[in-house]
Structures are given as C-alpha cells and as structure tokens.
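Only one chain is included here, represented as structure tokens and corresponding to the form predicted on its own.
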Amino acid sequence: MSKVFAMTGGATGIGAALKETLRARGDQVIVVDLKDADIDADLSTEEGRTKAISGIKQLAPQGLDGFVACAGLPPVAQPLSLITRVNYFGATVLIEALVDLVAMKKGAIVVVSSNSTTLPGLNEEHIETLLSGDEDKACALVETLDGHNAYAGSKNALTRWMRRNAPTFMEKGARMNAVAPGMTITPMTNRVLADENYGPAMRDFSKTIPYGEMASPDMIADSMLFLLDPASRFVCGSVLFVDGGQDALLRADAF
C-alpha cells in the first residue's frame, strides 16, 4: 500500500534524492520549496510557513506517514538571519503544526541536522535564544556572529529541540529522529566550496573523511528511508550521523 509523505526542501540535493526514491516505489510525496514544488512557499516568512502548513493539511487530510524537515540554507547565505529563519524556525514551526497529522498514521518525523553541530566555536547564547523561540531576538543576535554560527548553530539548536520534544511526540504516536549528514555533493555545498572565505576550509575538511570522499545525496536519503520506515519503530530521539566516519574520527569518545 502506498504511503503519504511531506517534506520541505525537496526540489534539489538530499531532499530531491529522497523524494525520487519514495515516488519511484509508488508513494505520494508532497514537496514544499521556493519553486518547482507542490507547494511553493518561503519558509523564512510567517506567511510562507502558514501556506506550507495549510497546503499539506489540504493534500493529506487522512494523515501523513512521515514528514521530513530538509529545507536549509548554507553558511554563506545572506543575511545571516535568513539562515536562522529557514533552518530553525522553518523546521520547528512546521513540525509543531503537523505532528498530529503524522500521529494519525503512527508515522515518523525526520529532521535534517548536520555533523557540523559538534564543531567548536558555537555561541551558546545564540543556541539558547533559538530554543527559547524568540525569532526576532535570535535573528538580531546572529547578525553579530558569523556564517558558521548561523548554520551550525541553527542545526545544533534544531537537534536539541528534536531531542527535547521527541518523547512527548512519541507519546502522541509520532516518532522523531534526526539525520546528521557530513559533507554531501549538493548545490548548497557547491555554494560553500565556491566561497573565497569558506571554500578552502571546506576542502581541507573534506580531506579528513575516512570514507575517502564526500557523500552523494542518495547516501543520505537511504538513511532517512530507514528512519521513516516501521523497521525503525523503536528508534526515538536519536541522531544518526551519516558522514563517512568523520564524527567518530573527531569525537571518538562522545556518543
């Protein structure tokens, strides 16, 4: 029997790879993105989030087998507050609004985090402000920081938010976990690699991947399929690093 999924950020990259796999096996996938999607919406705005939520509810009135928060902006995006609005609030606001729809089918929620969330140099005040839900304050604060804090900080806060809410969501009937990709060949990564400030550091970082090369989008999508599948029905609040061994290399004793 075919299933019904919804996702943000399904037009390109990892989201597109997951979308294509799900549709190829006969599932319905409702995609939210800026363009080339079932619902064109700007998740950096309240209007866009409302449009996305109402659109998904209209297209899936009987519930969702899964929801994937995949939309995200890289550390080179400007202004930095845009990263905050999309990566953190664009994910948490939609999940909170759709969790009951997922619970209707005892489905799963997958949050896309990043292995950059464990790197040093993150501003804790920024992360705590995100977790407090104060969007305006978080956006003002991030403009005083840098792209690394904007991106990795938003993903760090998103992962903590996932952990904090996963038990309550599970009690409702909706499992929630996160996948933390390492460096993956996507249009977003290419933007960072082409940046004169971040590009050299990113290329050096890529050389430390034990696997020997960056991931292709389908490698990340395969792990997300597991988290969406009933086979992972007892997995809740977990962060699955899919980075070719890089996190284990850098933090062998942290788990």
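We number the residues from 1 along the sequence you see. These figures come from a predicted structure and were not determined experimentally.
Unshown form predicted together with nicotinamide-adenine-dinucleotide; subsequent notes refer to it.
Candidate stretches 204 to 212, 34 to 42, 54 to 62, 226 to 234, one within 4.5 Å of nicotinamide-adenine-dinucleotide in the predicted complex by heavy atom:
Within 4.5 Å of the partner lies stretch 34 to 42.
I'd like to check something about Y151: if you look in the predicted complex, is any of its heavy atoms closer than or equal to 4.5 Å to a heavy atom of nicotinamide-adenine-dinucleotide?
Residue-level check for Y151: yes, a contact with nicotinamide-adenine-dinucleotide.
Using a 4.5 Å heavy atom cut-off, state whether G13 contacts nicotinamide-adenine-dinucleotide in the predicted complex.
Judged by the heavy-atom cut-off of 4.5 Å, G13 is in contact with nicotinamide-adenine-dinucleotide in the predicted complex.
V112 versus nicotinamide-adenine-dinucleotide, in the predicted complex: is there a non-hydrogen atom within 4.5 Å?
Yes - in the predicted complex, heavy atoms of V112 and nicotinamide-adenine-dinucleotide come within 4.5 Å of each other.
Would P187 count as a contact of nicotinamide-adenine-dinucleotide in the predicted complex, using a 4.5 angstroms cut-off between non-hydrogen atoms?
Contact check for P187: yes, within 4.5 Å of nicotinamide-adenine-dinucleotide in the predicted complex.
Contacting member of L94, A71, A157, A178, with respect to nicotinamide-adenine-dinucleotide in the predicted complex [4.5 Å, heavy atom]
In short, A71.
Quick one: of L80, M183, A174, A138, which gets a non-hydrogen atom within 4.5 angstroms of nicotinamide-adenine-dinucleotide in the predicted complex?
Of L80, M183, A174, A138, the residue with a heavy atom within 4.5 Å of nicotinamide-adenine-dinucleotide in the predicted complex is M183.
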